[in-house]
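One chain comes next, on its own, written as structure tokens: the form predicted on its own.
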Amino acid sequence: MIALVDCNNFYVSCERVFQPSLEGKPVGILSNNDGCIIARSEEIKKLGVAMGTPYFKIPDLIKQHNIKILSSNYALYGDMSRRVMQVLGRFTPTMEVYSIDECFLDLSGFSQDLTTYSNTIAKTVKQGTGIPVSIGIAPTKTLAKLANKLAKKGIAGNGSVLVWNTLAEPDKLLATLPVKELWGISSGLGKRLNRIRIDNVLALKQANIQLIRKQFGVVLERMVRELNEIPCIPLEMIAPKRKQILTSRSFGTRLSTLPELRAAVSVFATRSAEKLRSQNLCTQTLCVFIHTSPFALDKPSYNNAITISLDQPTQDTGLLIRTALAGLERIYRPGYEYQRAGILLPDLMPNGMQQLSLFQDDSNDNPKSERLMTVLDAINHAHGRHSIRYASQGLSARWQMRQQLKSPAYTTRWECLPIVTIN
């Protein structure tokens, strides 16, 4: 039996932990640069605010219903996620952290009543972190995901917990659910299934396995088997190595000069190198891209990218910055207002396993570089990111994201710790 624990309205719940006055009120969380709504409380959903609604389009609705709008606070959300996962780790030796707000727990062989046990899990997470969760339990990951969704809708009547095997008529329930309700079914795939008269989850469960494999591939075949309680998707207790790394941001202010873009690209290359070293990876290819805003119809438009192959795979920040800036100078064109830039590392491999050149006798082509990166990471980890930086990163913050409504970093900065006064 596998449990999927999902934090309810996670970003909103994190804000409510430190701002209890937001409980019961409509709350929306904005995307990068305060662009559009990416997280919603149940109250704001009932007002008809859809996911992805542009912030600038709903000022009257915000005023009319006293909606609280906040910028994304990723430092807070990441730390609260870590705390939730630590609490969940007390309840099973085997778990898979699936996303920032979701985790699979292996409850196979547990002798306790799973509904009672899961209610204890939910209560403990709420008490220890302040985050409410819903839990779906089933013999497979696909059914656990579906059970979790049904638990949030109150199907079980056991609070926020639903154990699949306790349903009296599961097939009857599956017949009422469109296939797009399933984990991993996109709208395009849903339409393809509808064309062969598979328009609900029960129809997919009862579909011919050979036909599904032939027309849709092995991934959907596994899903059909999982709907029939045959486990095909194992828990991943160790996160797989990344196949690529993307570091990109939209700018808070549109940039037009090359020095400003150089500073932003240098920061992105630095962050990409940090990600490489944190997973003991290196890259032999770097892609740098820039583009103007697709919504600025009254401005000239320009998008470009360049991919550069390195002589040897590396995780050295300085080399990646030099390579990225060389590429930027080749694609930059004056006269445009750039909204976004980024670095993509598409060709990753484990560090120490790269192919050597004829002129190397050691897998480490630059021991001094490796020692420098180790010291650099240690200092920045101890004293805060960018405590030591490359000069090309500059000191200007014009290109950084616009986050005018961001709450304090309550759990990761000493000066932001909440103060409690007792009279």
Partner chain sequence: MSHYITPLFNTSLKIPLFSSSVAAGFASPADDHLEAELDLNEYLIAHPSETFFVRAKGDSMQQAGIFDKDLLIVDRSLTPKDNDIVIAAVAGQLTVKRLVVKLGKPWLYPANPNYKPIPIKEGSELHVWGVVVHAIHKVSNLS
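Numbering follows the first chain given and starts at 1. What you see is a predicted model; the values in this text were computed from it and never measured.
What comes next is about the form predicted together with the partner chain, which does not appear here.
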(message) Counting only non-hydrogen atoms and a 4.5 Å threshold, tell me whether 90, 417 and 421 all contact the partner chain in the predicted complex.
(response) yes
(request) Among 222-230, 316-324, 79-87, 109-117, mark the stretch whose residues have heavy atoms within 4.5 Å of the partner chain in the predicted complex. (result) 79-87
(request) Select from the listed residues 134, 283, 72, 129 the one whose heavy atoms reach within 4.5 Å of the partner chain in the predicted complex. (result) 129
(request) Answer yes if any heavy atom of residue 17 is within 4.5 Å of a heavy atom of the partner chain in the predicted complex; otherwise answer no. (result) yes
(message) How about residue 411 - does it come within 4.5 Å of the partner chain in the predicted complex, if we only consider non-hydrogen atoms?
(response) yes
(request) Flag residue 404 as yes or no: does it have a non-hydrogen atom within 4.5 angstroms of any non-hydrogen atom of the partner chain in the predicted complex? (result) no
